[in-house]
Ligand code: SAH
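One chain comes next, on its own, written as structure tokens: the form predicted on its own.
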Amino acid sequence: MSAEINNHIPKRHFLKQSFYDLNHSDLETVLNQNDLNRSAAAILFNWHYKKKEEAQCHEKIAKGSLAFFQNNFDFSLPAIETVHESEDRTVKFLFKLKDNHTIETVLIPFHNKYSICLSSQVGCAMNCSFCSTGTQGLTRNLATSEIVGQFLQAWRWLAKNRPGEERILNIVFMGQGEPLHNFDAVKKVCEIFLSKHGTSIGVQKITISTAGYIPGLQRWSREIPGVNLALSLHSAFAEKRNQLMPINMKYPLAAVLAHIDQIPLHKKQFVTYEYILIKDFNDSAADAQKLGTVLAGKSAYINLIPFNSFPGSQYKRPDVDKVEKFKEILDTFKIPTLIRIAKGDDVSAACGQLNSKN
């Protein structure tokens, strides 16, 4: 099902359109085209996104509008197939989609709150050698409803299984897939999350990761300003980055950074650069010096991620001392750097481990 709105009146002999594929403006347009009261859009958004109710809303909606929604819209969400809970309380979900494809989503606990790591595609076309998802290949893009549905279903799982903890305050598009390769659906998801009628997530609580897909970066400033950007960098040397990330051969790092430099940043806003540290590959002093030189002077924040293993991988995690020495070198460049602690690796939910075909 397409992530884009169908501006024609849905016919009963066609599949119903998902309510969750529409942002608030889309829904108002549909109501207006069908001579229905546009105020029902805000009521439905409040019901399904703010209150996160699963059953269809019957409150304060005219009978004609209610009948229209029942006849033309689908309010179902991706089904939770399996749940794996880590010892550190990370939760990994396997969602089954209507075409029987599956995707994985992760809830990451921090300070009595959660971040949610959303998938944007079934598989991924980027074929990064350090990432289990890359071995899966790309099957298809997710629809807006399938991305939004991950958030809503995870929230409902928390409400049922960890009552009082249903606080998902950060949203990161760092699950399966290249988010900017599915730009239109990801953009619409952000509009729903940011809407005062929707979940009302703060703009700086949403982060979209990219491997450096320039066509998406070219649209970024015009279409999703204010949302945080994270670049999967992983090596500042072209030969090494080519080996880790084949996309670098089509969109070289220098060109990617030039596009990122053109993105307007708000006060106290940084671009996050993700760097997976791989033993005896990109963890040397020379690698750290090169990275610091490339990012010096930018509004940059670096996440160092010791490699998380997965079946069939050729790479290994470096020793703790090597990771700390790498950070010490970056500190000399005055770039804020954090060593990310792996969460959920005992259930294959850590960075780079997601693979819904395993």
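One-based numbering along the sequence shown. On a predicted model such as this, the values are computed, not experimentally measured, just so you know.
Keep in mind that the form predicted in complex with the ligand is not shown, yet the notes after this line are about it.
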Can we say C131, F173 and I276 each have a non-hydrogen atom within 4.5 Å of the ligand in the model of the complex?
yes
Heavy atom within 4.5 Å of the ligand in the model of the complex, from candidates L31, L44, I305, I302, belongs to I305
T210, T105, N282, N182 - the one with a heavy atom within 4.5 Å of the ligand in the model of the complex:
T210
Decide whether Y49 counts as a contact residue for the ligand in the model of the complex under a heavy atom distance cut-off of 4.5 Å.
no
Can you tell me whether S145 touches the ligand? I mean in the model of the complex, with a 4.5 angstroms heavy atom cut-off.
no
With heavy atoms only and a cut-off of 4.5 Å, decide whether P78 touches the ligand in the model of the complex.
no
For F68, is any heavy atom within 4.5 Å of the ligand in the model of the complex, or not?
no
What stretch, of 255-263, 227-235, 79-87, 146-154, brings heavy atoms to within 4.5 Å of the ligand in the model of the complex?
227-235
Contacts with the ligand in the model of the complex - residues in 177-192 whose heavy atoms fall within 4.5 Å
G177, E178, P179
